[in-house]
Structures are given as C-alpha cells and as structure tokens.
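Have a look below at one chain only, the form predicted on its own, in structure tokens format.
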Amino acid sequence: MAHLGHVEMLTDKFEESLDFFTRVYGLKLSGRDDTSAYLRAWDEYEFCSLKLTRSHRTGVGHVAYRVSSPQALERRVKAIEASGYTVHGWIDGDLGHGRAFRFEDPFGHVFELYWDTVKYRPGGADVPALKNTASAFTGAAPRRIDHLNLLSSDVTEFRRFMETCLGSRVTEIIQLDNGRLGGCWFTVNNKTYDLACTEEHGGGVGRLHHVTYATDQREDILRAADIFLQNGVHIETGPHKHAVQGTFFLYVWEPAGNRVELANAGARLILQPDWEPVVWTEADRRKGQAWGLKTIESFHTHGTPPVGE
C-alpha cells in the first residue's frame, strides 16, 4: 500500500457542494463527467483526491487507496479474495485512474485499490511559482487529503477488515469500559493515520463521519475559520486540538450536510517500526479534547446519509 488516494463523496446538492469545495474550501477542479466533479488540493500529484458525485443521497461512495506497484496490487487482491469479505471485482476506472479492484467492509463501505493513475499537469495560471509544488493555490488552500473517518457498529470487526484487506497498522485506539473498541486509527505508511473508524451512535449503517484535508500550519486553519464564517458555512466545532492523534482541527458541514475537516498534524510521523498502539480509556476521553473543549453531541450522532434515508 502507498497511500490514501481519493474519496468519492455523494451530494444531493451538487452545484452548491461544488461551489463550496472550489470557491470556499479551496480545492481545484481537474475535470467533470456526466455525474461527477474531480477535485484536488494544490500540492497533490494525482488528478483528484475528492470525487464529488451527484446523487439522491449524501455520504461516501467509495474509498480508494493507491498501491506501491502492479505486483503489490496483485498481492493485495489475492489476500482480499481469500479474506471472506464481499468482493465486487474489477472496474475500468474513471477520469482519475485506471482499472481498480473493489471490495466491501462488513458495514457497507466500498473500497478500491488501484495502481495506474492520471497525474495532474498544471497549465496557465495554475502553474506554480516553485517547481517542487504541484500547482498554485487560493482560498482556504488545503495542501493534500489527509484522512477520513467511517462509522461502524463494531470497530473491532472493522479493525480486522483493515488489517486483513489493506495491511494497515493501528496507531491509536479508544478502549471502552464495556470491552468494545470505541475508535481505531489506521495507517499504511509513516503518517499517523489515513483512516479512522469510530462507533456508530446515530443509528445508521455504513455512514461517513468526515473527510479531512491537511494544511501547512495551524494559522491556515484560523484563517479558514474566518473564510467559513464570511461565507455562512456551518462551523460545527473548533478550531481546537484533538487529544487522540494531537491534530489541530476545524469541522464544518458542506451544503449537503457532509462533515469535512481541516487539520494540521504538525511534524508528527510514525517512524518506529515496532510501534505499539496508544490506548485511550473512557476516563481519558471524558476529559474532552487536548485543551479541555468538550466534544459536542452532534459529533457523536451526525453522519451521512442521515438516518432514515
């Protein structure tokens, strides 16, 4: 596995969502087809990291990881086929990448793995001033996709899925007093995490909690808060600092109701090859976030699509 590649987000307010992600959030439009817009952050080498798709509902369409080689893709596919999890098989790809192998976790989230990708080639005003950056930038200007958070009714089973099918490592967990896992954070490289799974408390199945892009520094997030305020965007919580993973965060809802985050992890990387997961207890979590901000109720219950859709 190389890295988290892209997330397909579903929206029932396509034009409003597209305006938010380009004009306000600061992603760039790489291309469009009949149903989707392909978006990327300013320093990403691939054609897209967010595939925004017109739909009758909200939430996540699929989660995509790029592998490190064609041979690695073959190895992963064999492991997934032998895992017993639901397999969808090969698809031809889209504007952003070539053929991909799709499969599903026990809670309805669809994943895909791919190797062949379309690299972004800037032109015109998008050509960067520095050759070692991928393109120019505007707006809140997130640099790259960082992670996403999925909801499930059994985080322990989701952990088995991630370790079996993606070969992910666990970096931090929340251990509940009743013996269940309340949350689990995964990585496939030396980032602290690229995917989190937390326990579903809103009564839904296979839902999205949030998608996150990374900024260069904390000050970018403070500036983004003013940009969101100026544009009437619902700020759910933050800016503040998480206890788990230590990221500086800001959560907002885009026009269709999908939760998105801007985050800054500073210089924190997992370089230790024999890393042991950090364990957070219920007592730890009752203290709130790193500097004492209590987690608001909607953060535990809001996900997309809304329950009942």
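Start at 1 with the first residue shown and count on from there. In this text the structure is predicted, and so the values were computed from the model without any measurement.
The next section is about a form of this same protein that is not shown, the form predicted together with a further copy of the same chain.
Taking a 4.5 Å heavy atom cutoff to a further copy of the same chain in the predicted complex, the contact residue among E157, E219, E163, E81 is E219. Residue A243 is the only one of A256, V260, V63, A243 with a heavy atom lying within 4.5 Å of a further copy of the same chain in the predicted complex. Although the partner is absent here, R76 lies well away from a further copy of the same chain in the predicted complex, with no heavy atom inside 4.5 Å. Using a 4.5 angstroms threshold between heavy atoms, A2 counts as touching a further copy of the same chain in the predicted complex. In the predicted complex, none of the heavy atoms of G98 sits within 4.5 Å of a heavy atom of a further copy of the same chain. Within 4.5 Å of any heavy atom of a further copy of the same chain in the predicted complex lies no heavy atom of D33.
The stretch among 198 to 206, 98 to 106, 84 to 92, 140 to 148 whose residues place heavy atoms within 4.5 Å of a further copy of the same chain in the predicted complex is 140 to 148. In the predicted complex, the residues of 188 to 213 lying within 4.5 Å of a further copy of the same chain by at least one heavy atom are, in order, N189, N190, K191.
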